[in-house]
Ligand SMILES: Cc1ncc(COP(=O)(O)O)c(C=O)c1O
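Shown here is one chain on its own, the form predicted alone, set out as structure tokens.
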């Protein structure tokens, strides 16, 4: 069978496919594995109770249920949900947002496939216009989403060493200024995988750069503000200016199975999203928006994000840091480095001082029943060497505390063994 160039691209496993296969094995087929690799949110009783109640409210209202289960929505998504969400976003972001500025997709992964191929690739004059990733490491799911090859151009970060354990990736704005004819610029905030949170002033610099080149700044808010709100420093406020594109998700709030992505952007972008939905999906799923409408009606989408989700994951982060400090005090882990965990529910372990590659560590941990993600998957579009690329691991702490602490203890044992 002869495949197109696009078809050839998917004859071999992509990074995201392999990751999701490992996640499925750990969460569904082999529960003895310690899953510290995927992006699945934790099971938080208070959130799950609210979701169950919202679902019961939908079921109890015959009109709501019949509509959610039996009617195709508009190509841009459930208008009831978009109308309810628009004033919430207007208040939280400090700029007017109308339903005409919002579209739904079947998950934010779906949204990025649309956006990257709307703005990136060959333009009408035949020029290659890349999607610029202004700082890597960056989300694994972007890597294979371009129809055209070489869609991404990534800029290595500047590395700021904070103390003998923590470091932080910083924007290299001078390198960014050298990029010509971009199609768009995109980053996640908090960054998946490192937990980095760019400051409002850094985002302002990126927004000005994008505006000067008449391209959109796209910010992936899957873990960010205002929901699910997994940003742990108060000075990291939401950032939005008209002309930007923000992409939200209900997944990390606790609803990954509903596949509900939300795009905020200029009207022409929203119209393009709707046309693509109509061609590729006919319409988006309606059950996620129906449940989220109930949450919005009761004020729970933001309240649970602020009062439950953020404290839950922040406490988990702090408990793991206590474990790491205790283990380092025993010796043998002096070479361990961690990115400052400012948001999301990941740790980014940098392990070059132990003489093992990320692949070696992944294999050693998998043999001991621990699933993580090798760091080299998180550098789409990187053309220049970067020391951390082949020596880092992304470790999730979203699952049960007992299992997460057990998995990280095994990781620290393996590092100590490698360093001895």
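Positions refer to the first chain, counted from 1. Note that this is a predicted model, so its numbers are computed, not measured.
We do not show the form predicted together with the ligand, though everything after this point is about it.
**Student:** Quick one: which of 295-303, 222-230, 269-277, 155-163 gets within 4.5 Å of the ligand in the model of the complex, going by heavy atoms?
**Tutor:** Stretch 222-230 is the one.
**Student:** Could you confirm whether residue 339 comes within 4.5 Å of the ligand in the model of the complex, counting heavy atoms only?
**Tutor:** Result no; residue 339 lies far from the ligand in the model of the complex.
**Student:** With the partner left out here, check for me: in the model of the complex, does some heavy atom of residue 199 sit within 4.5 Å of the ligand?
**Tutor:** No.
**Student:** Is residue 188 close to the ligand in the model of the complex, meaning a heavy atom pair under 4.5 Å apart or at it?
**Tutor:** Contact with the ligand, yes.
**Student:** Just checking whether residue 109 would be counted as a contact of the ligand in the model of the complex - the rule being heavy atoms within 4.5 angstroms.
**Tutor:** Contact with the ligand, yes.
**Student:** Sort through 348, 139, 239, 313 and report the residue having a heavy atom within 4.5 Å of the ligand in the model of the complex.
**Tutor:** Only one listed residue qualifies here, and that residue is 139.
**Student:** Going by heavy atom distances of 4.5 angstroms or less, which of 168, 129, 317, 259 would be at the interface with the ligand in the model of the complex?
**Tutor:** Going through each option in turn, the one that passes is 259.
**Student:** Hey, which residues along 190-209 are within 4.5 angstroms of the ligand in the model of the complex, non-hydrogen atoms only?
**Tutor:** Contacting residue: only 192.
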